[in-house]
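Below, in C-alpha cells: the form predicted alone, a single chain.
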C-alpha cells in the first residue's frame, strides 16, 4: 500500500464518521462540524429549553457575524466584526464550561468591502485542529493563532489577488486537509481557490476559476476510495479538484447562478442545492471532464434554498428554505417524502445529533425533529428570545447558539 494512502484515510475519518452513530463526545472544529455536514455523533443534547431553562451560560458578544461557534475541548471560538465599515475584526476564545473570556484579539481588516448587514465581515467560520485556529474574514484576511491567542501568521489575500467584489461580501469558510488550509474565493473579480501551508501561510497551490463569478458556498471534502476530492460550488456548476495539487477534475452543470449552501454527503452521493428556484442534484463523485450526463444520479426542483445548507441523516435528506418550508427527500433517489411549513424565516443551516434535527429560525426559535421517523415528527419548539442568523454548534452534549447579541450554551447540568 502506498504510504500516502493511510494519510488520506486519516484525513477522511471525520467525513466518514458523520454517517455512523457514536456515544463519543465530539469537537465542533469548523463550519458545520466534524465533517462539514452539520451532523455529529455527539449525544445528550437537550431537546427543550427557553431563554432561561437549560441555559448553562449566556454572554454578550460585541460586533456582528454569522460565523458558527467552533468548539475544541474546553474552548469555544467565535469571530465578529465592527466599526463604521465593519473593518475592525475580532477573534474570541471563551471557556466552554463558564463562558468567561479566555482571550480576545482585535485586528484591522485590509480591505473592507460591501457586506450583508447581519454578518458584516465575519461570515466565514473559523477552523481548528486542536493546536491552532485559523480565521478568515470578508476583508480578505486570514489569521492563524495558537490556542492561547498568539498570532502565528497572517495573509492579506485582497492585497495579493484583489479586493473581494460582491454585494454580500465573502462567506466561504476554509477547510483543513492534511497540512493545508484550503480557501475558496469566488467573486466578481478574478475567482480562485488557494491551499495554504497551515503552519506558515505560504501557498502550496492556487487554482484560478475563470468561469466562476459568484459564490458564497464553502468547499467540501469527498472520499473516493483511498483518495479525496475537493468539491466547490459556484456560478451554475459544481467542480471537483485534487486537494493536493489544485488540478481540476470534473464539472456538473445546472446549478443556480448564485450558490450559497455547502454540499453534503449521503449514500455515496454528493447532494448539492442552490436557489432560489434552483435544483437539488444527487451527484456521484469522481469522473473526468464534464460529467453532467454521466454522474447526476437524480434531480429535484422542490424545496430548494438560497442560504441554508441541507443535511442528511440516515436515508433521508432535509432542507429548510429561507421562507420556512422544510423538504425531506430520499437521499438515494431524490424522491419527495414530505414538505412542511415550519414558520419563520431561516438563515441558519440545520444541525443533527443523536437522531434529532435542530432547525433554528431567524427569530431564535429552534424546532427539534425526530430523524428516526420517516414522516414529520416534531419533538419541541424552543425560543431563545433573541434573533439568530448563525448556524448552531454541538459539542459534548451541549448546543451553542450565536444570537445577534450573545453566545448561549444550552445543556443540562
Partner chain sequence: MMHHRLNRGSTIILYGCLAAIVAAPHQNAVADATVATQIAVIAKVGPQGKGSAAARAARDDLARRDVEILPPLLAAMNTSNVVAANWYRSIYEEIVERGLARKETAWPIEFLKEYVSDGRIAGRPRNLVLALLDRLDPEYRKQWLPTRLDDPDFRGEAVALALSAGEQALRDGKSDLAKTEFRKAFDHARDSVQVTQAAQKLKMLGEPADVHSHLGLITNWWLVGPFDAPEKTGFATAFAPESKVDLGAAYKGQADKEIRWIRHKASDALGQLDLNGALGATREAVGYAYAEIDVAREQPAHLRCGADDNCSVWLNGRRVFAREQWLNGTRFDRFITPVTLVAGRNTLLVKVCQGPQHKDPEVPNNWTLQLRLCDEQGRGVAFRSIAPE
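Numbering follows the first chain given and starts at 1. Values in this document were obtained by computation on a predicted structure and should not be read as measured data.
The same protein also has a form predicted in complex with its partner chain, omitted here; what follows describes it.
Judged against its partner chain in the predicted complex with a 4.5 angstroms heavy atom cut-off, the residues 106, 160 and 257 are in contact without exception. Contact with its partner chain in the predicted complex, defined as a heavy atom within 4.5 Å, holds for exactly one of 290, 315, 165, 97, namely 165. The contact residue chosen from 75, 183, 155, 209 relative to its partner chain in the predicted complex is 155, the criterion being a non-hydrogen atom within 4.5 angstroms. None of the heavy atoms of residue 239 is located within 4.5 Å of its partner chain in the predicted complex. By the criterion of a heavy atom within 4.5 Å, residue 84 is counted among the residues contacting its partner chain in the predicted complex.
Heavy atoms of residue 200 reach within 4.5 Å of its partner chain in the predicted complex, making it an interface residue. Within 4.5 Å of some heavy atom of its partner chain in the predicted complex lies at least one heavy atom of residue 110. Just one listed stretch, out of 120 to 128, 335 to 343, 299 to 307, 84 to 92, contacts its partner chain in the predicted complex at the 4.5 Å heavy atom level, and that stretch is 84 to 92.
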